[in-house]
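Only one chain comes next, encoded as structure tokens, the form predicted alone.
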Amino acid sequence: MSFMGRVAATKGVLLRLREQLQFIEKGREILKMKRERLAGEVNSLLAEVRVRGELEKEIMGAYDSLKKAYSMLGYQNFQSIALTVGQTDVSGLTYSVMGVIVPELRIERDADISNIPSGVAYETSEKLSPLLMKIIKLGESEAKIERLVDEFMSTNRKVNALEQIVIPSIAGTIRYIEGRLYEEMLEEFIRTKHIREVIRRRRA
């Protein structure tokens, strides 16, 4: 997109375009810094989600233990024991990373497995209980990554648009106006010189 041919080639327009270009270039630098910060945040979170494969193996192991306890205790006994554990209370908060609202989960109260009377049920609970925090943390990290990546892609598109379209267009228009003004200055110089020459000849 170019403004050439649609703007007046005047010093006033040239000054405004130079100011506009300077403002846009500053905005581009701010967006680039934001993009780098978002990329850094995503990279730091990627280490947290790499545990998914190992976590899935742990869950499958705990699930096998759960099936064993269920088959040994039966539905009614298993249900009664589950009621003695209580529930895990989780609160959800949010905070901002470069203007992006991301979630933060906190466990306010953990399930208490100390009163489980059955050995096989207690063994199963020991395997399942620590996995809950890992699952919550993994979900939190994945949600953060999703939101940060969306904002990163949006910021990257803005930077590319400024660098590839907007800034080159304004810079090209500035060069066009500078060229026109230079041509007009030369024409005025030649015209003035010609008039002086005519006057000099008449006086002679």
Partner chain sequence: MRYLKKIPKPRSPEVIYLITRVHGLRTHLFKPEDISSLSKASDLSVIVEALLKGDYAQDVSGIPFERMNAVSLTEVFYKKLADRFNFLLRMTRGSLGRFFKDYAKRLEVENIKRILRAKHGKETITEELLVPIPREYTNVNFPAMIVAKDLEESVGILKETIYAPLIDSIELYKKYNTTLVFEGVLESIYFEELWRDAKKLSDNEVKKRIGKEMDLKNLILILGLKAKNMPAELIEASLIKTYYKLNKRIASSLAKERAESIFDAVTRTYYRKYLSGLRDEIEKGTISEIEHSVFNSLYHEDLKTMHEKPFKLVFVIAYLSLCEFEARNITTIATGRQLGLTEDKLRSILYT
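Positions refer to the first chain, counted from 1. It should be emphasised that the depicted structure is a prediction, and the values quoted were computed from it without experimental measurement.
The same protein has a further form, the form predicted together with the partner chain, not shown here; the description that follows concerns it.
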Inset, instruction - Would you mind picking the one in 111, 107, 120, 97 that has a heavy atom within 4.5 Å of the partner chain in the model of the complex? - result: 120
Legend entry - 4.5 Å heavy atom contact, residue 91 to the partner chain in the model of the complex: no
Legend entry - Proximity of residue 77 to the partner chain in the model of the complex, heavy atoms at 4.5 Å: yes
Inset, instruction - Considering only heavy atoms, tell me if residue 84 and the partner chain come within 4.5 Å of each other in the model of the complex. - result: yes
Inset, instruction - Give a yes or no for residue 37: in the model of the complex, does one of its heavy atoms lie within 4.5 Å of a heavy atom belonging to the partner chain? - result: no
Legend entry - Stretch in contact in the model of the complex with the partner chain, which is absent here, among 131 to 139, 161 to 169, 62 to 70, 148 to 156 (heavy atoms within 4.5 Å): 62 to 70
